[in-house]
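The chain below stands alone and is given in structure tokens; this is the form predicted on its own.
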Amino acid sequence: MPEQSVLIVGGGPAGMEAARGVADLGYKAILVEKRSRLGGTPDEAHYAALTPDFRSAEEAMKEMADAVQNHPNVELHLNSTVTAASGSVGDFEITLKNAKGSEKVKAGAVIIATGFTHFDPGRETQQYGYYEFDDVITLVDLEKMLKAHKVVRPSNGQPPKRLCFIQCVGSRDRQIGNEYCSKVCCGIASKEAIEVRQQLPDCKVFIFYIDMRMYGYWESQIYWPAQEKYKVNYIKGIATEVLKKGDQLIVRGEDATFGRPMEVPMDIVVLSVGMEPSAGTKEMAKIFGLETNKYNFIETIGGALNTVTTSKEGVFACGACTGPADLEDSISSASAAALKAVSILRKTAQAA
């Protein structure tokens, strides 16, 4: 008899939703997470609020985690990693490594939900001085400050009077090979800009952008309120470098609207870093023999009509391990992956 359980790799939003979906359909979900707790990147990186509804990220992840941890059809493996896999649809054998050693589990189908990693702005180039200047930070760094309600200059602990975002850092960049748009950075920068203005009403906030890419309802949910209600300044142009002058940072570049050079003093510069495939995504692709695209995200083979089926029968992928995705996309694809996985279990059982 084929195995009637689904193994899900990754305990972030997509993995939790996939596990809950499988379990709600009456099948056993085996959820494997490398960390000691569920929640994925929103939890690990201390996100303050979700985009675009500004809901507490901590509250939302706790709600998702509770639904999984308290579900009778979910078998949870924390502090565990997948180290090997063999077999085929209906009869996968997966080796897990944890503090107690190694163990093997059986599953009829697998869902990969290993997410993404944030681009390291100091990896390829130091043009923005991320490792050189304390007051050059990333979206992730600012998110932690917002959660703690303590937005201050790392160099002196004082609240900034002028703060700016530089968009498309690590995205839409042919030189480093990340030609794709990371999809969420414009929205997240705008959300964080609103939060900065809420917490520091006297701080002037600027966003330097190539193009603002607000899809769906984000235009009305975030973009226009940021400008009209919170007076965030959007400047179309390219920031080419960040320099130190006295106790301030100087952002140099070109103002595309007026076609002239710009040189703007700032207290904090926030780099809007994009998404790259996580180490776990790359590792799972190797272990399960999955095709990846040129950027090393897991390739799905069904085009626009099937965004979760991989090159390996019985193995599905969801969330940002298949490419840049926001939370809404990740949750939707996780539900689709759960449905596909359960469907293939039923088919293999009927054929047996």
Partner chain sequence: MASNKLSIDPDQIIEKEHVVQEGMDISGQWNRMFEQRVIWDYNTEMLDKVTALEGGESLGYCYQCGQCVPVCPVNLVGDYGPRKIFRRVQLGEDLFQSPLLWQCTTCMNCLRVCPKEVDMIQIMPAVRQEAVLQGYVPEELQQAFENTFDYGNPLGESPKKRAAWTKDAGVPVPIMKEKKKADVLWFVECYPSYHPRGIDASKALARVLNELGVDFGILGVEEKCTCDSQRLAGEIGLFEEFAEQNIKTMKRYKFNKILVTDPHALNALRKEYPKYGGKYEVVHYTTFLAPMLDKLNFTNKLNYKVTFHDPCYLGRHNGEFEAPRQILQALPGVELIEMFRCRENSYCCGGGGGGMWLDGFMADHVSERLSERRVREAVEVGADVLAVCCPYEVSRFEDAVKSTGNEGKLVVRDIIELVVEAMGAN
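Positions refer to the first chain, counted from 1. Please read all numbers here as calculations on a predicted model, not as lab measurements.
The form predicted in complex with the partner chain exists for this protein as well; it is not shown, and the discussion that follows is about that form.
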*Choose one stretch from 192-200, 220-228, 247-255, 276-284: the one whose residues place a heavy atom within 4.5 angstroms of the partner chain in the predicted bound form.*
247-255
*Kindly indicate whether 5, 28 and 103 are, all three, within 4.5 angstroms of the partner chain in the predicted bound form, using heavy atoms.*
no
*Although the partner chain is absent from this view, report whether residue 91 comes within 4.5 Å of it in the predicted bound form, heavy atoms only.*
no
*Please run the contact check for residue 239 against the partner chain in the predicted bound form: heavy atoms, 4.5 angstroms, yes or no?*
yes
*Given that the partner is absent here, does residue 130 sit within 4.5 Å of the partner chain in the predicted bound form, heavy atoms only?*
no
_4.5 angstroms heavy atom contact with the partner chain in the predicted bound form for residue 173_ = yes
_Considering non-hydrogen atoms and a 4.5 Å limit, which listed residue (157, 261, 265, 216) is close to the partner chain in the predicted bound form?_
261
*Which residue, 243, 99, 148, 84, has a heavy atom that falls within 4.5 Å of the partner chain in the predicted bound form?*
243
